[in-house]
Every structure is written in structure tokens, then in C-alpha cells.
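This document opens with one chain alone, in C-alpha cells, the form predicted alone.
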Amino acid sequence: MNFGFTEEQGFLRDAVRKFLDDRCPMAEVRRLMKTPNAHSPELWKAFAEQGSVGLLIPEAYGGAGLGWVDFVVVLEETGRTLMPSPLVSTALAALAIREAGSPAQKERWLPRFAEGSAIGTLAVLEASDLPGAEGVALVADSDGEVDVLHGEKCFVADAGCADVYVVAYRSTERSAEPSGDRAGTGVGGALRLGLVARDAPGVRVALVPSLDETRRSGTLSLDGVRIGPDARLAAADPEATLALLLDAGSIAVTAEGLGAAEGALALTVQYAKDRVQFGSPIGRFQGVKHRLADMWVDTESIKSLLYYGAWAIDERRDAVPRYASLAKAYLADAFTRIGVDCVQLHGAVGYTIEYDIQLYLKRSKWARPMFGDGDHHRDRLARLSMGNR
């Protein structure tokens, strides 16, 4: 079985890289960082016209109908340039609607995602900060067939620019006996996923500060927000659907993180060639080149786990949990280490705002907890190895 990239995927990488180099150089990244949502509607629209936003959306809804390995190619390039965008968030919202949406929901949202006229995101985490179904404690009040939500969702990625939120909550109906990760959490009520439009009555968003200014998140407040049958996702197994969304999120963040790690490494290699001490480029010193070699080994090691996990989303769903956790656990620790080492190899200037390397360190700090840090995923892998899914 050949897991090398195809010629078409190579062309895709080249096209995305050229677009980002032309339209989103580091000067543009720094400009967008200072905007309220770290988002440019014009850049997003152009990126959609280039085809990258609708890559995973079926052709019947205006997308390219490609797979997750192709999407990883795009994410590596957006990570390399630290492009501020809601690409991952929108892809996950589109996946939720593809997997569990009604024909009407697909017709309403997927074409708009593909053309760049709408942005989506997941709203799962709450005050407990527990990833997965076990952390969903928001219980809806019942008004006939309508679910009424009163509560908050925390750390919602791209909350400020999203047009629709995929909200995880619980109904008043008791669910089956909890198992797996939910065992012993005391969480009751059947899990549901609903679509909440940004302009729905009772929706309020408050942005929260982030160390990585190229990324924005916020708190989604739901004050009497009504979710009728037409806004609920009809997932046969909502917990399995949510688990898939979070695993896909882990893989997507790993892909962008890998691209950013390679971008940081390229910057540092160039600096090691240019910086001269004692009459020699510092890249010739063992203490420098050995650390650079270790970083390269880490990025190459992440790739095999990441690519298989991305392939498994489309081809082998039973393998997704294991490889999503393997890839994200490796990335969470290795990228943070690479970020720190790259700043240190730049010396004192690496800590200054003027040098771009500090932006990559901040991205590593953002990526580490997203969709679970290394400890969370290693614990999960231990449970998976014992057959407790």
C-alpha cells in the first residue's frame, strides 16, 4: 500500500503555497492579528474561490469532493504561514452536517461553506474543560418538540466570525447506561447536536484573550436559544458522531501544527546559516545542528501518524481514535519543544516582537491543548488498548 502523495496532491500543495505566499505573507499575518477576529473576509473569500475551503464538501453541494489526506496538504501549508483563518472550524462544522444533517440542512449550509459566504464552528467545551461527551453537561429545557438552551460554551474557536455553531447539549430524556469515558461522570440525558445560527435570539459571543494572536476563541452564551427539530442533527449515534468530530479536530490541528513546526524549523535553519559567531555560521556548531536534526526527526515522525489518521477518516473509521490520539499526543509535546528550541537558537532576538519565530512558539502553545493535550491522549490510548472505547 502506497501512502506517498500523488502528483495531483503535489500540484495542490504548490497552488496553496503560491496563494499563501502571495496573499498572506507574514506582514499580512501580523496585520490580521490586530483585527478583532483575526479574520479577513476578503482573504477568506479568495481562499474559497481558490478551492481550498470546499475541499471536503461533496461536489453536489459546490465543493471539490476530495478526502482528508488532500485536506492535510492544505492544512500543512496554512500552518507553515500561520494563516489566520477559520478553516479547521468550518471543516468540522461541514463534517458534522455531512455526517448527520438532513437534506435541508446540507442544502442550506454546505454550499455556503464551499463558496466562503458562511463560517461554521463547534461549540462543545464547557466550564469543566473535559473533552468529549463526558464534558457536555448543558441540559435543554423542553418546550414540546423544541429544546431551549440556557448556558455557556467555552473556548469556541473562531466564535466571533462564525455564522453557525454546532452545539453539543443534552435532552431531558435519560440516556442509556453510560459507558466508556462517560462512566462515573454523573452526566445524564441523551446527547444531542444542534445548529445555532449567529443571529438567533439569545445568542451572544464574548471574545477571550489568547497568547496566539493569530487565533481567536470566545464564550458562546445561550439565553433561551430554541432548537427545533429542523435545527437538530439527526445522528443515529450522537456520541459516536461527536467522537468523530473531535478526532477529526485532533488530526486537523496536528496537520496545521506540523506545518507550523516545519515553518519554524525552516526559519531557524536559515538563521543558523546567516548568524556568524567566532568567524563561523552557528549552524556548524554541534550544539546547534544536533538540535536542528532532532527537530527534523520529530516532524518526520509526526507525519506517518498524521497521514494514516487522515486516511482512516475516509477509509477505516475504526482506526481513527487510535491514530488521532497518537498523532495529537506526539504533536502536542514535540511542537512545544520545537517552538522553545527555535526561539533559544535565535538567541535573545528570538524573544522580541520584531522576529517572527516567537509567533511560532505562541502557535505551539495554542495547539497543545486544542482537542486534548498529550496527557489526555495518552490516557485515552491506554483505555483504547484495554478495549474501553
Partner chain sequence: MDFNFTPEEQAFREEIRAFLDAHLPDPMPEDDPDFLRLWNEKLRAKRWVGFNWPREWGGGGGDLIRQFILKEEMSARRAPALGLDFMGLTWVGPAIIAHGTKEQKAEHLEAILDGRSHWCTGYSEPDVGSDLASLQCRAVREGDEYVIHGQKIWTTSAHFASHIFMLVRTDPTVSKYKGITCLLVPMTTPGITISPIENLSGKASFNQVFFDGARTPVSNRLGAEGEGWKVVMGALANERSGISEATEMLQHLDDIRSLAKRARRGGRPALEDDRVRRRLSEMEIRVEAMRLTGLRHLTDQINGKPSGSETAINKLQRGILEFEMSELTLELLGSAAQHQGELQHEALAWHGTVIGGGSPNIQRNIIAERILGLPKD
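Here the structure is a predicted model, which is why all the values come from computation and not from measurement. Numbering follows the first chain given and starts at 1.
Below, we refer to the form predicted together with its partner chain, which is not included among the displayed structures.
Review point. With its partner chain left out of view, which of A46, M26, V340, A64 would have a heavy atom within 4.5 Å of it in the predicted complex?
Key: Looking at A46, M26, V340, A64 one by one, just V340 meets the 4.5 Å heavy-atom criterion.
**Study point:** Interface residue in the predicted complex among R284, K106, H150, R226, criterion: non-hydrogen atom within 4.5 angstroms of its partner chain
**Key:** None of the others qualify; the residue that does is R284.
Practice item. Can you work out whether its partner chain is within 4.5 angstroms of a heavy atom in all three of R17, R112 and E115 in the predicted complex? Key: No: no residue has a heavy atom within 4.5 Å of the partner.
Check your understanding: D375 near its partner chain in the predicted complex, any heavy atom under 4.5 Å?
Key -> So D375 counts as contacting its partner chain.
Practice item. May I ask you to check whether E239 falls inside a 4.5 Å heavy atom distance of its partner chain in the predicted complex? Key: No, no contact at 4.5 Å.
Practice item. Look up in the predicted complex whether Q358 has a non-hydrogen atom within 4.5 angstroms of its partner chain, and give yes or no. Key: The answer is yes: Q358 has a heavy atom within 4.5 Å of its partner chain.
Check your understanding: Would A329 sit within 4.5 Å of its partner chain in the predicted complex, counting heavy atoms only?
Key -> Looking in the predicted complex, residue contacts with its partner chain include A329, since a heavy atom lies within 4.5 Å.
Point to revise | its partner chain in the predicted complex: contacting segment from 80-88, 230-238, 204-212, 163-171, heavy atom within 4.5 Å | key: The contacting stretch here is 204-212.
Review point. Across 334-356, which residues bring a heavy atom to within 4.5 Å of its partner chain in the predicted complex?
Key: Read in sequence order, the residues that approach its partner chain (within 4.5 Å, in the predicted complex) are T336, R337, V340, V343, Q344, G347, A348, V349, G350, Y351, T352, I353.
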